[in-house]
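A single chain comes next, written as structure tokens; it is the form predicted on its own.
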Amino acid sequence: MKRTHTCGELRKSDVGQTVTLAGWVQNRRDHGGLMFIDLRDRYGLTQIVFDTARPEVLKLGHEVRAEWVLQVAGKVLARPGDMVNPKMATGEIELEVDAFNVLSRSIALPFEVDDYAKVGEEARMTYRYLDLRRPRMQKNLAARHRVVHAIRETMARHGFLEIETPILAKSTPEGARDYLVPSRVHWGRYYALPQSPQLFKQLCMIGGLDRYYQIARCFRDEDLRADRQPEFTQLDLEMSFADQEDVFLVCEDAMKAAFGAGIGVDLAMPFPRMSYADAMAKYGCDKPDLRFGLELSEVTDLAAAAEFKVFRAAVAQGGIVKGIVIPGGESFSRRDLDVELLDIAKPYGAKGLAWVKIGSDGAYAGAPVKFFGKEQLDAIAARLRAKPGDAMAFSADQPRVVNAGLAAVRNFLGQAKLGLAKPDDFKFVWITEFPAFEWSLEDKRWQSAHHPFTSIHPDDVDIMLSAGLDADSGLDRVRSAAYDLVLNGTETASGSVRIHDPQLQRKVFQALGVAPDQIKERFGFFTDALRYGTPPHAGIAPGIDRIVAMMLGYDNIREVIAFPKNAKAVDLMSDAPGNVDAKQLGELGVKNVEKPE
């Protein structure tokens, strides 16, 4: 017997045909002289029936247990009207078994293989091969396949070449830590697994390949976080003779194709654009969730004119005062305002939140009210666009603390407390004009806000070339040509126009405190290549794991990865990372040492 159909394929039009199916036993219902089995493969379920007309078959059928692998042959029958199951695609038919083979038996399972069983994540990760049999996981990976396939078709349509770049590369310690691979042939030397194909894709542009992409596997030895993986997949692309608008066009087209193929959603294009400065002013962060309003408003000038000491002290120390309107907030309890909202803002450094309610009659209530005149409160309410029945919450501190705290409060209100963010609403936005550099208080030097190959905003190149290297040099005013693609408050892609001028690249390395000998050691092959006629180029790298997870409604990217690591970067199924014997280590010239305290 050879499989002629899948378990999700047969319909009423197939009644009377003799077919062969193969799959796993989902469940069995034994009625003595009659037995039903739901046979499952990744395409669906088909009910098969054993009856007394074939006692030898029925006898074998009684032995069958869950998750055995069967091959069955028989005739397709129409189910009686009262036995039709409208919830199954194959619910109008059943297969009457004439013959079957047991292809494989299964021992007792650690958990049931269906979407209704409550299974802990540790068990799911340990027995991932069983977890993958669940229909939900198979649908997730099928959707991921459709997304990647649609992306590949889109990139080909735009004239891109799919080019593979090395997995064994040189360590260039910028950003996250590298995974290192010792070389047996070259004693004492190491490869690094790529954090991204950044330099290689730029070299493709120098090589005249014009439009490159790959579905790239990347590796980062980062500190443990629940939503991160040590290895992940991204759409990596680079374009010559292109600016950010060219990248936006291609990336938006790829996202539109991905969402259409993945979940049948037609995204509206073009995606809106927003500068980093505007995002921080209106939303307090560079990853705004645009599914709801609740914009922040600065009221420093109005607050400073009042007698409220908390506001005046913050402003006197160079801080700011910002507020957010809470629609319907008049009904919020003191606990909602004094405890719940403050608990959201505290992790970001907020020491307190002041609030004012506006009654249905327009009267104001709250601790700060007695320190303001009615005209002042009216002006603040007008700036926040608050109306009777609302409440206003305020934070007064240094800009970093105010923005981060109120951004968290805004997300809590919109996503959880007020339920304004709809899970099936997908709002993309481009964030542009990021700062090029950040001052590290710990290292006492400038660091790249993006990466050191990011070009400078055209209007700020002169500032960059003339700036010094100390904390007050003015480098904090230099904008980059970087951009992020944000979806529903989450960064899904990061990219930039690249540096193609060797002089500017040297200046950036100088600003970052990278000495000439370090430049040659770490990046010499790349800086040499820049001198041989480099075209202007730009690129981006959307994260496929994150995007697929978000389109399917998951917070955790492990739901869309076949064999992920857990939150501690461990593969519970294969027990990786594992120990290596002394002989292997000796061949590599590597020796384990005691872990320092």
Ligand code: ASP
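Residue indices: 1-based, along the sequence shown. These numbers were taken from a predicted model, which means no experiment stands behind them.
Note that the form predicted together with the ligand isn't included here; everything after this is about it.
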property	result
Proximity to the ligand in the predicted bound form, single hit among H500, R144, R479, K201 (heavy atom within 4.5 Å)	K201
Listed residue that, although the ligand is not shown, lies within 4.5 Å of it in the predicted bound form (heavy atoms), from R124, R211, H450, K357	H450
Stretch from 192 to 200, 409 to 417, 305 to 313, 521 to 529 whose residues place a heavy atom within 4.5 Å of the ligand in the predicted bound form	192 to 200
Contact label in the predicted bound form: G495 to the ligand, heavy atom within 4.5 Å	yes
Contact of R220 with the ligand in the predicted bound form (heavy atom, 4.5 Å)	yes
Interface membership of Q234, the ligand in the predicted bound form, 4.5 Å heavy atom rule	yes
Non-hydrogen atom contact L70 with the ligand in the predicted bound form at 4.5 angstroms	no
Partner contacts in the predicted bound form for 530 to 548 (non-hydrogen atom within 4.5 angstroms of the ligand)	G539, I540, A541
